[in-house]
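Take a look at this one chain, the form predicted on its own, written out in structure tokens.
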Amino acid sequence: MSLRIATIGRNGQTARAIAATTAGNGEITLTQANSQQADLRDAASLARYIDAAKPDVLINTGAYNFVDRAESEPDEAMRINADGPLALARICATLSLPFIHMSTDCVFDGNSPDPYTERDSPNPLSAYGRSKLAGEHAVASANPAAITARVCWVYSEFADNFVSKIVGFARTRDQLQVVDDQVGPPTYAPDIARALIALARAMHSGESNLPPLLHVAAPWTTDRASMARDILQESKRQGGPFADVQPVATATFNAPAPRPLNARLSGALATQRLGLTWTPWSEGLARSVAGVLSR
């Protein structure tokens, strides 16, 4: 079955992973818009883009992702992360167009000792998290047929992410301070892309009883300092920069926006429902580091 997918956003990790995953697939036609072509702050531009693209499924990968800056720009975060998705949800509801919206682990406070499931109650700590939760609520209210996919600790060879940051820091520093009290599941962006495409196919085919909320997250856990060590060891193996990692507490940095110390999302429901497989951490890391070093 041929499938026309349109995304809001084209330059972020997930959007670029969708483009790479669908490249050469004759059964999928992909249209992507940057923020000038489809501005989440401008409902009219969103409507024009959707009308021109005429997709079978719309995926919103666009967002205000400046977690710390959101503390001083909460209204702008709300405009992009809540008002924009609301406009998309309304347009898609009017058109009976399947709509997938993306959200984040930052809707949780991180106080649970266990991975968060779709049944757990959110309690965001930051302005960014509150804006993303407001977007989830807006989408669910305006378009009950829409599905929200939460992701966390996304990494890849695409765009800016924890891998590129750590490699970049190691180019100019011999030692890096990295927090070891934040834990989560590093999730490879191409795996997320494949999950979203599988979900798009299911929605387009009219599959019934799809959950309105899914956690798309890999089934393993690490902490940020250990993740940084793995990145730097792989960088060294590939001839890239290396630095020692000094583990520190999150409180050391006194960042404007508090982070959930437990960012673990349970991806069990999505894995089972969509038949997902996950790229092993070592394999995804090798690809990601190679991509960063080649820039």
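Numbering starts at 1 and follows the sequence shown. Because the structure is predicted, anything quoted here is derived from the model rather than measured.
The form predicted in complex with a small molecule is left out here; the points below concern that form.
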Exercise for review: Tell me whether Ala218, Arg229 and Leu285, taken together, all sit within 4.5 Å of the small molecule in the predicted bound form, counting heavy atoms only.
Suggested key: no
Practice item. Tell me, yes or no, whether Ser164 is in contact with the small molecule in the predicted bound form, where a contact means a heavy atom of each within 4.5 Å. Key: no
Exercise for review: Evaluate Gly62 for contact with the small molecule in the predicted bound form, applying a 4.5 angstroms cut-off between non-hydrogen atoms, and reply yes or no.
Suggested key: yes
Check your understanding: Going by a heavy atom distance of 4.5 Å, is Ile8 a contact of the small molecule in the predicted bound form?
Key -> yes
Check your understanding: If you check in the predicted bound form, is Lys236 within 4.5 Å of the small molecule, heavy atoms only?
Key -> no
Point to revise | Proximity to the small molecule in the predicted bound form, single hit among Ala142, Cys152, Ala225, Ile100 (heavy atom within 4.5 Å) | key: Cys152
**Study point:** Listed range touching the small molecule, judged in the predicted bound form by heavy atoms within 4.5 Å, from 170 to 178, 109 to 117, 204 to 212, 124 to 132
**Key:** 124 to 132
